[in-house]
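Take a look at this one chain, the form predicted on its own, written out in structure tokens.
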Amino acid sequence: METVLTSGTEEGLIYGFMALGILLSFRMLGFPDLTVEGCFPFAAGVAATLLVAGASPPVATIVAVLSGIVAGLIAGAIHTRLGINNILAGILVASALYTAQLRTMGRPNVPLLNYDTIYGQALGFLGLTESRWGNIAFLAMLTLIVGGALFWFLHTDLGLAVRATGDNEIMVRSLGVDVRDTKMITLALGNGLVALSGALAAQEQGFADVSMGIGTLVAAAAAVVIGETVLGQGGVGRSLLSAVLGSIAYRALLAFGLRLGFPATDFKAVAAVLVLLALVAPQLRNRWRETVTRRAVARGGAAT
């Protein structure tokens, strides 16, 4: 059980950055950004290629994040400036990123087993030994920093404009706010977080592969839904916290399912069932509350 918890926590924190990116685009902006499917593996490939070329892990990670920001800006520009449907814009960018990743890596897979990673450097700087718990401590600190920065940004004037754009775009436009800019900024931030997740995942797994992005969008959406199911919807702080905790819970459930003896070939099926349960859980909870309320009212009426 300890292995399941530690593995789920480590993987959940890594993919929690992607859940935060999905939270920005899907939940707050209402933009179904399919760029994620291409941005995640592309950033992983960029980070791996730079590490193999001799770049330091922090530089490789930062450049990978910048590549995700550029991808988000391109998707936003295609949608806002060219008037292309948001879903189609994401598909176009994701398809282009697949080719860009192959061009960048030069091959479908780049191993990193003999190269230093950001985990080793960060743990050495913090005076911690390289272990799974050390990785968790580093990722938790990074999550607090990124989450705090997001919390601050979403309470600035620009952040409030971004949130308002997702709530009521027509009203925001009538107030003189250029919603094209707010959309592009949100997509840039969201894909930057996804790219950070991809770079961290590649360095933790020890390789970057062109197929790393398959199913990442579904997993991130499931993490957001699970977090909202457990903590409920509320303010910005609760939303950010629920996305990260939902990612940890989702990865822990997957690890637990594999520990039960499910073969690796059933991984996607297990993930699909978890997503379905996460989507149905709020409806079942609401129905249960309605049933309890009706029974309470009926008992009260009978007593009267």
Partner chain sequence: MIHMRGVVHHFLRGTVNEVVALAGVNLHVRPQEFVTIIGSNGAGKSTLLRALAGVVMADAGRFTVADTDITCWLEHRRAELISRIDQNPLASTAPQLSIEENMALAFLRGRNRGLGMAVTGKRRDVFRAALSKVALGLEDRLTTKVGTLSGGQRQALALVMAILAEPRVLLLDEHCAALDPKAAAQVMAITEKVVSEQKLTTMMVTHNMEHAIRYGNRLLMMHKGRVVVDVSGPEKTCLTASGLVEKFHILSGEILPDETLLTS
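Positions refer to the first chain, counted from 1. In this text the structure is predicted, and so the values were computed from the model without any measurement.
Although not depicted, the form predicted in complex with the partner chain is the subject of the following passage.
Chemist: Look at the stretches 104 to 112, 187 to 195, 134 to 142, 172 to 180 and give the one with heavy atoms within 4.5 Å of the partner chain in the predicted complex.
Modeler: Contact criterion met by 172 to 180 only.
Chemist: Check D167 for me: does it contact the partner chain in the predicted complex (non-hydrogen atoms, 4.5 angstroms)?
Modeler: Taking the distances in the predicted complex, the answer for D167 is yes, it comes within 4.5 Å of the partner chain.
Chemist: Can Y98 be called a contact residue for the partner chain in the predicted complex at 4.5 Å between heavy atoms?
Modeler: No, Y98 is distant from the partner.
Chemist: Tell me, yes or no, whether Y119 is in contact with the partner chain in the predicted complex, where a contact means a heavy atom of each within 4.5 Å.
Modeler: Outside the cut-off, so no.
Chemist: Taking the partner chain as it sits in the predicted complex, is F207 near enough to touch it, meaning that at least one heavy atom pair lies within 4.5 angstroms?
Modeler: No, F207 is distant from the partner.
Chemist: Go through 130 to 165 residue by residue and record those having a heavy atom within 4.5 Å of the partner chain in the predicted complex; state none if no residue qualifies.
Modeler: Residues within 4.5 Å: W152, F153, H155, T156, D157, L158, L160, A161, R163, A164.
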